[in-house]
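Just one chain is shown here, as structure tokens, and it is the form predicted on its own.
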């Protein structure tokens, strides 16, 4: 009986120690707008109303230590939101598949209580189509979260912008 009690106490002590020293694991929940389809992948959540090429909303959880493809700059946990925004703007504007990049807005904001940023920009893709993107981002722990809405500039952006804002406002963390 003493042996079982000791094993039980050791297990409890090791579990408690692990909980105190580890960053809590989070994932998120979001309300999918009515009439939109979810296209779940293992890298991000993407939703679209028509087809993804015309307009989509995307949420991505990205480890801050993952290198970017188009910039050598790196994210750090201690960065201010505007510093993070600068890296994201550099990453997007350095992509060779994007031309006519134009930053319209870069402002601090809060997403579900998290200090973050909001950038609004336009660009042309390699096929000559013009797009507009509203991009929210923030760092929580070791993860960079971004929520973005991209649409063909003329036909779709304004039409579903309010729907995207509701989508962003529904973003919440779920403790794992």
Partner chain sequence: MTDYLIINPQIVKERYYLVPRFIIRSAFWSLLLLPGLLFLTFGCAAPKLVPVKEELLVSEDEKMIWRESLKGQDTFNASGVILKNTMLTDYLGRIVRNLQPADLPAKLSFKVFVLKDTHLNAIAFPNGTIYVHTGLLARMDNEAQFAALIAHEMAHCSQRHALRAFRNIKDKNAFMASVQHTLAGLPMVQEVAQFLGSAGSMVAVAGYTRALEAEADIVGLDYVVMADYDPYEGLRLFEHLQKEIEYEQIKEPYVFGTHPTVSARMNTIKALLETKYKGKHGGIKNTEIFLSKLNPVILENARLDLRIGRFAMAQKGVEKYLRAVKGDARAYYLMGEILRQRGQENDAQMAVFYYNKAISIDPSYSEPHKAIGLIHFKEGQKALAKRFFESCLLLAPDAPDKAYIQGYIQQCVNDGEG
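Numbering follows the first chain given and starts at 1. What you are looking at is a predicted structure, and each value in this text was computed from that prediction instead of being measured.
Omitted from view is the form predicted together with the partner chain, to which the following refers.
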Exercise. State yes or no: in the predicted bound form, is some non-hydrogen atom of residue 138 no more than 4.5 angstroms from a non-hydrogen atom of the partner chain?
Key: no
Quiz item: Though only this chain appears here, would residue 143 touch the partner chain in the predicted bound form if you measure heavy atom gaps against 4.5 Å?
Solution: no
Practice problem: Could you confirm whether residue 76 comes within 4.5 Å of the partner chain in the predicted bound form, counting heavy atoms only? | Solution: yes
Practice problem: Answer with yes or no whether residue 117 is in contact with the partner chain in the predicted bound form, where contact means some heavy atom within 4.5 Å. | Solution: yes
Quiz item: If you look in the predicted bound form, which residues in 62 to 89 sit within 4.5 Å of the partner chain (heavy atoms)?
Solution: 62, 66, 67, 68, 69, 70, 71, 72, 73, 76, 78, 79, 80, 81, 82, 83, 85, 88
